[in-house]
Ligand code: GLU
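The chain below stands alone and is given in structure tokens; this is the form predicted on its own.
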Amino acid sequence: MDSKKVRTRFAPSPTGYMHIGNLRTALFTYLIAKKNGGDFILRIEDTDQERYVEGAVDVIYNTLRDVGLNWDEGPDIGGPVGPYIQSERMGMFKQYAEELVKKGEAYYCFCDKDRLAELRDIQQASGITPMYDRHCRDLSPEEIQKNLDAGIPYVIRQKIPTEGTTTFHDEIYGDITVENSTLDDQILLKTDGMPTYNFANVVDDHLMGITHVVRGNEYLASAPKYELLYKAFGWEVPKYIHVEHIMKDKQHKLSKRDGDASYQDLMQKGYLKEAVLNYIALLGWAPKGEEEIFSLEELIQEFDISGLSKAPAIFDPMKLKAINGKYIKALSPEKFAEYAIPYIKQSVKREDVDLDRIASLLQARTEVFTDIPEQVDFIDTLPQYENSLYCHKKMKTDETTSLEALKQALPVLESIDDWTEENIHNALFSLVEALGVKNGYILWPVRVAVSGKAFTPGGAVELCAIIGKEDSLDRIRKGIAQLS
């Protein structure tokens, strides 16, 4: 394995579904690797069995593949530094923890839960931030061996320097220095021999040759301990990229627990995967120019760590919708119809209509596919509507002029033998010309009468062609009766 090659990893926990924040981390991690000709590794961190959800690993696989974030190494395809599932790596961590003990960088702690709980209560009552009091830090070798021989349960803790400072570098925040006195002697190996999350991360990242680590900035507080662990082992420290949270507003983070949008939710709501990925890239990252619409390949070319922000990103559903609308409008008519027809069929059950023609009218008016059923629900059944719909200032129509217009349009439409869009157009526009009126004088009332809606995909001509002669004439007659 080339030690100079950029290697990044996405290491999700299989806890249910792909949260937007998780997917953004995966995207940034992928972009850093691919921008630099490196490898993108997928590692599943499944050691928290209490939060493990059956089938969640497949959700991770399917989501990443769906948006094109294909990994170079991972649980399903293998690689030179596997296994890539953390629970399958458990046997190796104890030796690394014990190596630190031998180096004097870690120590055995035999304190039981009762003592630690009592210590925490005393510290909290005194207004002190709870920290381990290092009770076992300076046990003699004889005491340690005696306890081990007696089978007393223990954890292995990191021996943090009690004086001085630790400085680490982040690619976004620069150098950050903390007082060592504020750092707790964190547990590396638990009583059951399992590593803690922080310890396993450091060891796994080193063994997998990870050069860049992207994670949420809630891990900034843990970074000094990571730094000290790398130095204790004598290992090269990866580049840290701590990204800001995605917020639903200025006060609240997006949260799985609060039911905020997951990738799966957005797919069910009718968004295009390309649009979602594009929008997520803009949450906390600013491209150099004004352009905001990028394919994945274009993102690889454009992405630069320097564009990442220190400020939280606000998830704006309206902006996502607008970007999705741009992607929809850029689809070929055939591809749009392929996406749209299942949504059209949710409202349109009749079999005598041209679904492709309906789709062609919808494309310019659709931002999200779930908008479609409500736009076409009048095709099967004319909804009840108020006469005020006929009043349109721009068209200079009101109830009186609309009644007259419908009465004039009805015989013209009745006389059409071959009910095609072209013939309907010619008939209505000939009527407009004969009457010497504006187009809207005839077309607006006809559109309202056949749809019962103020906004429709297409105008009077297109709607009459889609609905058919018999239905169109019947609805116009109903309009006349309603206005009379």
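Bear in mind that the values here come from a model prediction, so they are computed numbers and not experimental data. Don't overthink the numbering: it's just position in the shown sequence, from 1.
The same protein has a further form, the form predicted in complex with the named molecule, not shown here; the description that follows concerns it.
- Only one segment in the set 112 to 120, 213 to 221, 370 to 378, 354 to 362 has any non-hydrogen atom within 4.5 angstroms of the named molecule in the predicted bound form, and it is 213 to 221.
- Interface residue among Ala460, Ala11, Ile476, Ile466, judged by heavy atoms within 4.5 Å of the named molecule in the predicted bound form: Ala11.
- Although the partner is absent here, Tyr197 is a contact residue: one of its heavy atoms lies within 4.5 angstroms of the named molecule in the predicted bound form.
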